[in-house]
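Starting off, we have a lone chain in the form predicted alone, written out as structure tokens.
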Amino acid sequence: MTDEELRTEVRAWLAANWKNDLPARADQWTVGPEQRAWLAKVVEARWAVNRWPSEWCGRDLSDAQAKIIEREFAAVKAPGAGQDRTHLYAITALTFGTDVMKAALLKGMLTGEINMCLLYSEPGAGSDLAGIRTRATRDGEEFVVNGQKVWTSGAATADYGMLIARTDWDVPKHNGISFFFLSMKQPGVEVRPLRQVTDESHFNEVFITDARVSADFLLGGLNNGWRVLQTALAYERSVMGDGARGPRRAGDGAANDLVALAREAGKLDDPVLRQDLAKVLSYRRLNALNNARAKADLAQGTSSSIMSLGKLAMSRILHEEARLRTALLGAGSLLDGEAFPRADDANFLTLNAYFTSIGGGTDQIQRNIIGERVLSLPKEPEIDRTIPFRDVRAG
């Protein structure tokens, strides 16, 4: 099919099917029935993951032709295309999952029928994920899982979680980890919400007691979970580097456009604030170019360390934008609540910026990765890297 034939086909399909009447999603963790119905149409028509094999809902298209489809969807503001670039869970499943697991979960993840979460961090292993102590013990064709996870976004509504667990205690810490898709809707999985400074509860603690997972839901092979995790983290950092949450109350154009907000506040002519505004906008443009470079690396099958640069940059951009919003509002930023949406947005975004500084690997971890893998600086010493994990001291 030529590019023009493909463009004509997707435009005709959108004209016949897209009504531009989907309600807004209630939250970022679940997909409503209207969205699910639309995504099911997109998946059925094979517009969702066009680079993937036809066996798994794709069209075997080149990246260039897949982008044609994504641009046509974007032109009419239709969601659903390009999930082979953005759907962290589905990409990980396709890359490392067994055929049994892919047949059971892939389509449901793409349509939003199956909600997912990340079961990585633990109370004693946040920044050092290789230090996890949640264990998965083989029992025939299943593994029995025991342990605790924390800071798990969306766990309360998740059907499955991408879980890292220790399966071998007699090898160095990076070598004894396996990667699973664990069912969250089973006995032995308890989710407790954590209240955030923004008065939300997106994060959770997850307690796992004798939960079970089939060997068919092991990704990448036994004790090869660290490799799977690095690829999954690269995609997660790619998503976080692309963007983050915007204002939660003032949904008009000025709320999202910093130039319009400066004009509304009567401070667009302030030379200092104009310089700060230009810096933020320049950072955003530079970060978009960096992320395009990193995604090109990922498309070649590499786990790009450049993703860490984008993720760190977005964290800094969000803090700087929040500071700029506060400066534009002046004393008015001390107000709060629904009656003062601009101030409420500034305060919310100031607090929420810390989420990107911590989630997906802290800013400090990203700096370590950039220093070691991008700038080729010496690694920090790890005295426990080469000893059996059961001999590692834990506080």
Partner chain sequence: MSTFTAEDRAAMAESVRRLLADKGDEAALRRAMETPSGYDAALWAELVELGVAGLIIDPAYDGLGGGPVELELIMEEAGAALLAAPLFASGVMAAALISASGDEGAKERLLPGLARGRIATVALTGDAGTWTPDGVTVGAHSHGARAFLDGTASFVLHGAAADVLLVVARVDGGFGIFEVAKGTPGLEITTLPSFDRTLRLTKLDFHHVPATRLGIAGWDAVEAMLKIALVALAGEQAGGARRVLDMTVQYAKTRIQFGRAIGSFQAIKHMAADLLLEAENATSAARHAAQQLAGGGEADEAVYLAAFACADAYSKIAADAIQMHGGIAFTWAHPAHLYLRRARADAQLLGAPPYHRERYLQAMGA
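Not measured: the values here are computed from a predicted model. Positions refer to the first chain, counted from 1. If you superpose the two forms and keep the largest set of C-alpha atoms that fall within 1.5 Å, you have the rigid core.
The following text describes the form predicted together with the partner chain, which does not appear among the structures shown.
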### Triplet A278, L309 and G371 all within 4.5 Å of the partner chain in the predicted complex via a heavy atom
yes
### Task
Answer with yes or no whether A313 is in contact with the partner chain in the predicted complex, where contact means some heavy atom within 4.5 Å.
yes
### Query
Looking at the partner-bound form in the predicted complex, is V76 within 4.5 Å of the partner chain by any heavy atom?
no
### Task
May I ask you to state whether L377 is within 4.5 Å of the partner chain in the predicted complex, using heavy atom distances?
yes
### Task
Spell out, yes or no, whether the shortest heavy atom distance between N290 and the partner chain in the predicted complex is within 4.5 Å.
yes
### Summary
The one residue among T92, S305, T152, T111 placing a heavy atom within 4.5 Å of the partner chain in the predicted complex is S305
### Task
Please pick, from L286, A103, A265, L194, the one residue with any non-hydrogen atom lying within 4.5 angstroms of the partner chain in the predicted complex.
L286
### Query
Only one of 173 to 181, 80 to 88, 212 to 220, 313 to 321 gets a heavy atom within 4.5 Å of the partner chain in the predicted complex; which is it?
313 to 321
### Query
After the core is matched up, is the C-alpha of R11 off by 2 Å or more between the shown form and the other one?
no
### Query
Once the two forms are fit on the core, has Q35 moved its CA by at least 2 Å between the shown form and the other one?
no
### CA of V171, rigid core aligned, shift of 2 Å or more between the shown form and the other one
no
